[in-house]
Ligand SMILES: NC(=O)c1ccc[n+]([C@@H]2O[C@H](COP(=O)([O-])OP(=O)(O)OC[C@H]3O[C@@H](n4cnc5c(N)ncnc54)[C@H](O)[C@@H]3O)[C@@H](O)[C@H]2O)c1
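Only one chain is shown below, in structure tokens, and it's the form predicted alone.
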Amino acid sequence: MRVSVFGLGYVGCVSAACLAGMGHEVIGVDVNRVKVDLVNDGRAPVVEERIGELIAEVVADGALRATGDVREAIMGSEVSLICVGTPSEPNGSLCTTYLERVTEEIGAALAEKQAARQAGERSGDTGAGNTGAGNTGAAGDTEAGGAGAGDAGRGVRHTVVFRSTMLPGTCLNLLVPLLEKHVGGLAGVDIGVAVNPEFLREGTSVRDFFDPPKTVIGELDRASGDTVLELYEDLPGEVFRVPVPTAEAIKYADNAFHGLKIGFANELGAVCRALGVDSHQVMDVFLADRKLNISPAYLRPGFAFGGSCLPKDLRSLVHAAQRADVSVPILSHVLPSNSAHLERAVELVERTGSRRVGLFGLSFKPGTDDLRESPLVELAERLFGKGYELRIHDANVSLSRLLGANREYVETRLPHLAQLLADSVEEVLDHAEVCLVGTRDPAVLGALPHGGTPAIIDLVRLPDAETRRAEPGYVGLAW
């Protein structure tokens, strides 16, 4: 494939060189003339393992060259990868200035390219699209030839692939309209658009490119995704084809979690050091647990956590850190974060304007009657305290069977539980104008109505959540 890569920083330079190494014909584009000259001389504009040798090789082979001319690059390619920077503004917001600028420039060049192709088609000369200076003849021939103008294949339309990190909504709400405005056509019809986040670590980025943890393709339409897939067809790893905003969000999920992991390990290390414990020994054992610790466990959005262990032990660990004069901002904010998530559920009820509320589920975990520090007990307490007419059903919870600390806890937090408990699912449904679903009990799932009466607030992402999402009166906390 003939590829243009916009931005020759770490991501763009590595992407351009590696794609050229895979056999694609690549044109690198940058406003910095020094970077352009370095690449054309067969030298890397960045310091990175293996990149110098790779650039020297692909430039010598004629697979990679660089230019500062956007028009030349567009005329000589069929796919454009945008790898420009998206730095932080002083207030922490995302700076999209470079993204907007390069999108406008690419759009203007594509408009000229399409006009040249159409002129060639009218004249019957398939080479008429070859209007660019330099070695752009191949671009003109391919663009003018092949299928008709309505064909979504890459032989006719150009595909713009955003590789820069950007917040969900940036592509569809900001960049696509800019592109359509300057091209004078529709994204997904006249031009292909995709988001393809990178997962390259500085220092090992060449290795990461050729052996990626995954390939994510946010496709505006199927043909756009097919083009990106073809670009990487020889690479290993699982491929995920998702909606454009999902692809944008995945990159942030990765980076936020990586930062969280480092911060967690460092805070735990600081606490262990203060307590005279070998933190590396602790983490060696922690990392050996692939069932709960280094696994998908606990990593699905849902409701708040609770129970007799997590809240208590977090409080104890944070208190020990404070006594040792060790700052642990991540650990100390886990419980407040949990409480804020619970409050979101209360706010969803308030927005309905309804006063009669049903709650399915009460124990902190399905299949148990343990109510200690259950977030559902806390939710019930808050709603009852705000004057809502509340009815609760949990098949595993019977007041007569609660014993010891379990009974003591609920009598302290929710002393009116006896009058709130309902014997059946139907009793709750008959009472409620809005139902909070905090369980996946089959009896509850089978009885939940469709169509908006009562309204459903989903705390657990119901199995049929995708279908219910389009129904009136449904809202999911776990979306």
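In this text, all values refer to a predicted model and were calculated from it rather than measured experimentally. In case it trips you up, residue 1 is the first one in the sequence shown, and so on.
Quick note: we don't show the form predicted together with this ligand, though the next part is all about it.
Three-residue candidate spot 342, 438 and 460; no residue lies within 4.5 angstroms of this ligand in the model of the complex by any non-hydrogen atom. In the model of the complex, this ligand lies farther than 4.5 Å from every heavy atom of residue 232. Although the partner is absent here, residue 388 sits far enough away that none of its heavy atoms falls within 4.5 Å of this ligand in the model of the complex. Among heavy atoms of residue 200, some come within 4.5 Å of this ligand in the model of the complex.
Under a 4.5 angstroms non-hydrogen atom cutoff, this ligand in the model of the complex has residue 251 among its neighbouring residues. In plain terms, the part of the chain that comes close to this ligand in the model of the complex, with a heavy atom within 4.5 Å, is 85-93 out of 368-376, 183-191, 85-93, 218-226. The contact with this ligand in the model of the complex, taken as any heavy atom within 4.5 Å, belongs to 32 out of 453, 40, 32, 424. Applying a 4.5 Å heavy atom cutoff to this ligand in the model of the complex picks out 6, 7, 8, 9, 10, 11, 12, 29, 30, 31, 32, 35 from 1-38, in order along the sequence.
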